[in-house]
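Below you will find one chain, with nothing else, as structure tokens; this is the form predicted alone, and questions on how it binds or moves follow later.
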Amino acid sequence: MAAVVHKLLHHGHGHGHHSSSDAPTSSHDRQNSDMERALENEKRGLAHWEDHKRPLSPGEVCANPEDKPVGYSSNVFTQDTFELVKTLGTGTFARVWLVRFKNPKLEERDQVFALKILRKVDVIRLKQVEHVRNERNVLASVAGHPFITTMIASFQDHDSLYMLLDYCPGGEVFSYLRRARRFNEPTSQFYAAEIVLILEYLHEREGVAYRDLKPENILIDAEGHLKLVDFGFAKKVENRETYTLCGTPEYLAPEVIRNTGHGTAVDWWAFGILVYEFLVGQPPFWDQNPMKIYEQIVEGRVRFPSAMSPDARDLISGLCTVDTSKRLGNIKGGAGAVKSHAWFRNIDWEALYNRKVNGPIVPHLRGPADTRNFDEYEPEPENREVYSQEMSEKWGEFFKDF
């Protein structure tokens, strides 16, 4: 449990069941009551975080996860702590649930979270062990950033790995973009600016390449701000090159397709594609056949609609530059050069980081647990492969810091 939360909590106010003084307590009872007390403490720390949810400054976000109120590894939470309400999303080896505490107290009734459950068997079978560890570690290191999904805590049991995340009831930016066909310039600038702050933090503070920037991975929270989710491809690259082919065809940078080694610059390319898609309604490179998309990307000729403003064209051209040594965001000045671009001249970066600027689209919600912005999903399949003792002996070590 994070040290900060310990400081916030008054110990000794646990709600463990104390036995009457004359009845001897068994060690089992004592253990149970200790666990209950620890759980109450952890829940109280969480309530405190929820009440004061303010953006941590970049320096605070950078702190060791064990010293932050969020992003820690919990040995108190279990799946049994939570009631699974509804599936919010599924992937090849994970399912995300809307959850709340089981038997909530009055003050916990409105507290809901997203719980990402990853089955160890599937993670191993699909060779995702490294990706999952990267995801957990990156989320722990960035927890508390105003525009990145907050991993509150991670934990595990014999079969599964869990990440408890804040719930973004607005759903994907993608669905709003599809409904609106395209965003106007002020809306596009607002969302783009929040993404610049995310990339600046990931690249310059953490040395992390996100590698999967696209509208489907950007959610809208209750106040209309963005939250970047799904860090499965994120990787701490610092100044090294990496070679894994990953991402979504329309958003891949030329150096990923050419497999010449890539770093954080891939995110600035994808960011250019994203700004184009916000303003136009579709990405600049598109074809039914992915190979044709790749050819267009490597050639790197962006065609702009005549209605697009000169500043927007200039920004996108600077970002979607095939030569990484000339790519905006990757040249001298880094993210600062992007922030000082004319297209962002109306952005107050300080106010934006502190969430003092209102989001252009604020979702209509019936309450904290509203799920109307998420699709319906099939129930989980029955009779799934079991995580055996043999697997546990071979792989347990890889998950130990979860």
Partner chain sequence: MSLPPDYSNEISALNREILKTQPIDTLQFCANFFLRRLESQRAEFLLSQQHSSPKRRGMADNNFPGNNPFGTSPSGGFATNHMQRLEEEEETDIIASPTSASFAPSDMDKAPSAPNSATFGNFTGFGSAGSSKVNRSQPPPTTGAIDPQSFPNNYNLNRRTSVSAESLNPASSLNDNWTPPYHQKSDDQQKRLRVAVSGNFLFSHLDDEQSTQVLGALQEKPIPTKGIKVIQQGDVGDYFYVVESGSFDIYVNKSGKLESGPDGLGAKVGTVGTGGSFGELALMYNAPRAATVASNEQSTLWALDRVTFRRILMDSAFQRRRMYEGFLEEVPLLSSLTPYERSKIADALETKKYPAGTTIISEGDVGESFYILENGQAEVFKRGLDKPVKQYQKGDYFGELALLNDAPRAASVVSTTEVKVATLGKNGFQRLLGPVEGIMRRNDPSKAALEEASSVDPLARGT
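Positions refer to the first chain, counted from 1. Given the structure is predicted, the values throughout are model-derived calculations rather than measurements.
Here the subject shifts to the form predicted in complex with its partner chain, a form of this protein not shown in this document.
(request) Give a yes or no on whether each residue among Asn289, Ala307 and Ile361 has a heavy atom within 4.5 Å of its partner chain in the predicted complex. (result) The answer is yes: all three residues contact the partner (heavy atom, 4.5 Å cut-off).
(request) Could you tell me which stretch in 112-120, 192-200, 150-158, 127-135 has residues with non-hydrogen atoms within 4.5 Å of its partner chain in the predicted complex? (result) Contact-bearing stretch, as computed: 127-135.
(message) Does any part of Asn330 reach within 4.5 Å of its partner chain in the predicted complex? Heavy atoms only, please.
(response) The answer is yes: Asn330 has a heavy atom within 4.5 Å of its partner chain.
(request) Answer with yes or no whether Ser317 is in contact with its partner chain in the predicted complex, where contact means some heavy atom within 4.5 Å. (result) Taking the distances in the predicted complex, the answer for Ser317 is no, it never comes within 4.5 Å of its partner chain.
(request) Report yes if any heavy atom of Ile257 sits within 4.5 Å of a heavy atom of its partner chain in the predicted complex; otherwise report no. (result) Because a heavy atom of Ile257 falls inside 4.5 Å of its partner chain in the predicted complex, the answer is yes.
(request) Please check if Ser73 has a heavy atom lying within 4.5 Å of any heavy atom of its partner chain in the predicted complex. (result) Heavy-atom contact with its partner chain at 4.5 Å: absent for Ser73.
(request) Could you check which residue among Trp97, Phe183, Tyr162, Phe77 gets a heavy atom within 4.5 Å of its partner chain in the predicted complex? (result) Partner contact (heavy atom, 4.5 Å) among the options: Phe183.
(message) I need to confirm a contact call. Of Lys339, Arg37, Lys43, Arg355, which residue comes within 4.5 Å of its partner chain in the predicted complex, counting heavy atoms only?
(response) None of the other options qualify; the answer is Arg355.
(request) Any residue of 155-182 with a heavy atom within 4.5 Å of its partner chain in the predicted complex counts; write them all down in order. (result) Contacts from 155-182: Glu172, Phe174, Ser175, Tyr176, Arg178, Arg179, Ala180, Arg181, Arg182.
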